[in-house]
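The data below hold one chain only, encoded as structure tokens and taken in the form predicted alone.
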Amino acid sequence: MENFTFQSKIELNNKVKIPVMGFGVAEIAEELKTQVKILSEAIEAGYRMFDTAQIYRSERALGIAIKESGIPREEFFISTKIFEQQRYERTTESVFESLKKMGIDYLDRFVLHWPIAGRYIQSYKEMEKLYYSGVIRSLGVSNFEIWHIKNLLLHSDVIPVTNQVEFNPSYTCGEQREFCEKLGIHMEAYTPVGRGGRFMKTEPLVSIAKKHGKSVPQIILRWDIQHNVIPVPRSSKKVHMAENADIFDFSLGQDEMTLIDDMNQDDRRNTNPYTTE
């Protein structure tokens, strides 16, 4: 783990490789021009994995930024999420809408955004067809609890490569991480450093950050990496993009990892997937 760099990749359960850190594209800006500017700056900072969704209204901007970068498409890992699960047949339509908006001909990963009761099994089966056709290189899920994954695997053939969930020092998903790890499903963290800077003055994070000469967000992101969790931070500011990426020149000791683990309060701040309609 100590030998990882910002350019490192890890192998998923289907042999596809993904960068150790991604860039979240949700709610980065309203206007297309501003979105393109932010994403272009993220590419310049070295980010190559981008996590978007139709509902984020940023796919077009991502496609423009990638094209304008001049960097070959195959150097990027592009992931998006299904827009609608009201009708499972919308799944295939959603994929091709996303491809058209981004101006690309395949996705590195397509993610089922929520385990909506009565819908997610059929949607995932449609995703499997696209996976077998080669339009999608890997399949992922998001906000899936253990029960959802067990149920999904009873009715499908392809094990998801990732499960993107809320994950931070106050919500560590210990049992869920252990379950996914046994199946070879990588956990991926959205809002990894929390929203609104809520951990910025929290101990022991402040003391650990001071010891290593790093910021609190950098400590949290490093904690993610050492837990084999893929963090997907987002930022609209160039300085924060660079700061988030600068976590590979130090490592946390086991005692520090334990101190952060012990901050867990099972404090879920995002929508509970058990109650999503």
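For every residue, the number given is its place in the sequence shown, counted from 1. Just so it is clear, the structure is predicted and the values come from calculations on it, not from any experiment.
The discussion below concerns the form predicted in complex with a small molecule, not included here.
- The small molecule is not drawn, but in the model of the complex it has no heavy atom within 4.5 Å of residue 202.
- Using a 4.5 angstroms limit between non-hydrogen atoms, residue 63 is distant from the small molecule in the model of the complex.
- Not displayed here, the small molecule is kept clear of residue 248 by more than 4.5 Å at the level of heavy atoms in the model of the complex.
- Among residues of the shown chain, residue 243 is one whose heavy atoms approach the small molecule to within 4.5 Å in the model of the complex.
- None of 66-74, 248-256, 232-240, 206-214 except one has non-hydrogen atoms within 4.5 angstroms of the small molecule in the model of the complex; the exception is 232-240.
- The single contact residue among 143, 162, 91, 172, judged by any heavy atom lying within 4.5 Å of the small molecule in the model of the complex, is 143.
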